[in-house]
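Below sits a lone chain in structure tokens, taken as the form predicted alone.
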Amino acid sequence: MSAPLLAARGLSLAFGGVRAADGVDLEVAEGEILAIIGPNGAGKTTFINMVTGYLRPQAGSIRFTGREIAGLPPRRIVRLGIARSFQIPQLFTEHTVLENVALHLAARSGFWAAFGPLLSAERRAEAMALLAGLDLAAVAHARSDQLDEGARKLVDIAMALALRPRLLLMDEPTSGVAAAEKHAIMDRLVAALRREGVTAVFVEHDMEVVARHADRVAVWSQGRILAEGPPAAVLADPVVRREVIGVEGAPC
């Protein structure tokens, strides 16, 4: 059996009397798409913040490709191959979609010389390929503040993919997106991840999205992992349905 791409062991972090992480153990295999679910305040985003360097665990280990990364600053973690997207897309609203992606391509290569063009022919071609892979080529020259929420979410993903990560962590990629568009957005996103060979972890509250798009589910509750496994089994678990989904009994 191959070693996990990401392995968290005994992660603990408290804010006052609130245990956001209480001895969390979790592995992520290369190539899988893992969904994290749980009620608000369960510790889901805290886990993402610890993996990406925005929070330092008080105890425990986080190993990525076998290397300890707990406590490293976010920029170093990005350079090692971990990227993230946010619940609220972090776009440069005064710039076009193409420019937003190009800025991340430039950041990956150490930024550009002050006298050099941001949109060099090579960078433009790579940015357009990323956008085309997410069906965003038609809005490449639109300002990012002119997009609907679904497109903004996908641009945020394109920016993260521009960093060429091995692992992408996403905080609620469908939040704020119209219900009728959620599956279409996730279809495009998952197809891009598979095509680029990127492993992914995403936090999600929509159980239909989880059931359709995740390879595996980890359930958070009060800073601990309550259950994990294939979506069909986890989402049918009576305890998960009662304490996380908010319904009683097994599904019909």
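In case it trips you up, residue 1 is the first one in the sequence shown, and so on. A quick note: this is a predicted structure, and the numbers were derived from the prediction, not measured.
In what follows, reference is made to the form predicted together with a small molecule, a form of this protein that is not presented.
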May I ask you to check whether Q58 falls inside a 4.5 Å heavy atom distance of the small molecule in the model of the complex?
-> no
Verify the contact flag for T46: yes if a non-hydrogen atom of it lies within 4.5 Å of a non-hydrogen atom of the small molecule in the model of the complex, no if not.
-> yes
Hey, in the model of the complex, is V18 touching the small molecule, heavy atoms inside 4.5 Å?
-> yes
Proximity of G41 to the small molecule in the model of the complex, heavy atoms at 4.5 Å | yes
What stretch, of 208-216, 64-72, 189-197, 32-40, brings heavy atoms to within 4.5 Å of the small molecule in the model of the complex?
-> 32-40
